[in-house]
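Take a look at this single chain, the form predicted on its own, given in C-alpha cells.
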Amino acid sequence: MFNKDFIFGCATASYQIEGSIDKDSKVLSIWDNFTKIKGNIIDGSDGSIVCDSYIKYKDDVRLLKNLGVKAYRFSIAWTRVIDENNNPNQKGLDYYINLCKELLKNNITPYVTLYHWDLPQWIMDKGGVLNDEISDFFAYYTDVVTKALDGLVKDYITINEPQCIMHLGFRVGAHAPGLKYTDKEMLQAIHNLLLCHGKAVRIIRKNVKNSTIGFAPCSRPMVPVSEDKELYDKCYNKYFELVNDYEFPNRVSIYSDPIFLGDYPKEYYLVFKDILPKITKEDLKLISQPLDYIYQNIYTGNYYSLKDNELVKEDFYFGYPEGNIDWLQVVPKSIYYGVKYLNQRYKLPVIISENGFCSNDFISLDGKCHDMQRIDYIKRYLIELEKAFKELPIKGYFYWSLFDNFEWNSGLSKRFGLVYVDYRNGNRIEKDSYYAYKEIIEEALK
C-alpha cells in the first residue's frame, strides 16, 4: 500500500479551465489567437468560458477538499500576470494569491506549473522560442510570480511537456502557434526552452525558501512483454534513444539529459553536427541545476518483444481497450516501466504529474455520470504504480484532470475529468470516478 506521505492530487492548466480570457487586463496568448482561426480546433470552441475557474475557484477548492486530495497542480497564465509592456498585472496575481490561500485554508498544497503552453502573443511576435531573450522574459515572469506567492507556494514545476510544445506547436503546427520549424530552428528553440527552465530554477531557489522544483515532460514508455533481462535492457535503451525527427512523445533524452545529466546525449552532437545551436559550458551549467523530483506525464505506452534478437513494437489487436482519443491505449504497465526507467537513469524520486483517461461521458437518466471505464483505468494504473512504489522512491500521483476542459485542438469534445462540466450552463457534476478516486485515497492513506 501507499503510505501516508504519498501525495495524491489532481492537475489542471490555466487556459484549459479558467475562462475569462479578456478579464482584468489579461493579454492575448498564442492559444487565444490560434483558436480564432477556423479549422484549428475540431469543434470550433475556445477557452473563453470552459470551467469558469477564474470566477469559481472557491467551488474548485471545495471539490478538491471533498475529494480528499493532498495537492492541486495548476498552472499560472503568464498572460494574466504580466502585461504587454512586461510589467506585473496585480489583478491577475491576486487571482492566484487568493486561489493559493483558499487551497491552504483547506489543507491542500498548491503545486504551481509556470508554463503550460499559453505563451503571451507579444512575446511570440518578438520571435517566441527563437528569440534568445525569451529566457530573460521567463526569468522575469518567474521572479514576479514567486515573489507574489511568497509564503504560499514552495512546490514548482517549470515547464509542462516540452515535447508537445515543440513537436505539436512548432514542428507539425497542430497546436498553437501552428508553425513548422526547420531542423535547425527546432534545435535552437529547444535549447532556448531549456534555458528558460534553468533561469527559472535559479530564480525559484533564490526567492522561495525550502522550495522543491521539477519539470514535467511526457513519454510513452516501452513495455516489455516478458521479464527477460535482454528485452528489458533493449526497451530501456529505446526509451532514451535519440532520433532526429523530434517525434512526440518519446524524445526523453534530448530534454531530460541536459537537465539531469548536465549535457545533451553524445549522439546529439553527432546526429546534428551540421546544425547545432551555440551551446556553452555556462548554458549547460545553468540548465542542469539540481532538481528535487522527476515529474513525468504518463498515460499510455507500447508493447515490445524480441524477434531475432531485435526489438519489435507489437501492434494493438482489434478491439484493444482504448480511450475516446486516438493516442490513448490502456497500457497500465507503462506507468510501472516509465518510472523505473526514469529513476534508473536520473536517480531522483518520481512524481506522476499527469495520468488520466478520456471517455465518452454523458449524463444518464438518473442525473449522474457513470464512467466505469475511467474507474477501471485509474485502478489498473495505480496497481502498477503501487508495485513501483514498493521498489522505487515514488512520491506522488496527480490525476488529469479535475474537470472536463478545453482539450487543446480537440476543443471541448474530449472529456478527461473526474467532474463533468455541462458547457451549456457551467454546471459541474461529480462523476462516479470522482467518488471512486476519493475511496482509493481514503483506503490508501489509512
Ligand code: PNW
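Throughout, we count residues from 1 along the sequence that is shown. All values reported here derive from a predicted model rather than from experimental measurement.
Here the subject shifts to the form predicted in complex with this ligand, a form of this protein not shown in this document.
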| item | value |
| --- | --- |
| Contact test in the model of the complex: Arg220 vs this ligand, heavy atoms, 4.5 Å | yes |
| 4.5 Å heavy atom contact, Arg80 and this ligand in the model of the complex | no |
| Contact of Trp327 with this ligand in the model of the complex (heavy atom, 4.5 Å) | yes |
| This ligand contact in the model of the complex: Asn160, any heavy atom under 4.5 Å | yes |
| Phe138, Thr146 and Phe215 all contacting this ligand in the model of the complex, non-hydrogen atom within 4.5 Å | no |
| Heavy atom within 4.5 Å of this ligand in the model of the complex - residue from Tyr381, Trp31, Phe416, Tyr399 | Phe416 |
| Contact assignment for this ligand in the model of the complex, among Gln373, Ser256, Ser288, Thr300, heavy atom within 4.5 Å | Thr300 |
| Option from 403-411, 35-43, 59-67, 417-425 whose residues, in the model of the complex, bring a heavy atom within 4.5 Å of this ligand | 403-411 |
| Stretch 336-364 - residues with a heavy atom within 4.5 Å of this ligand in the model of the complex | Glu354 |
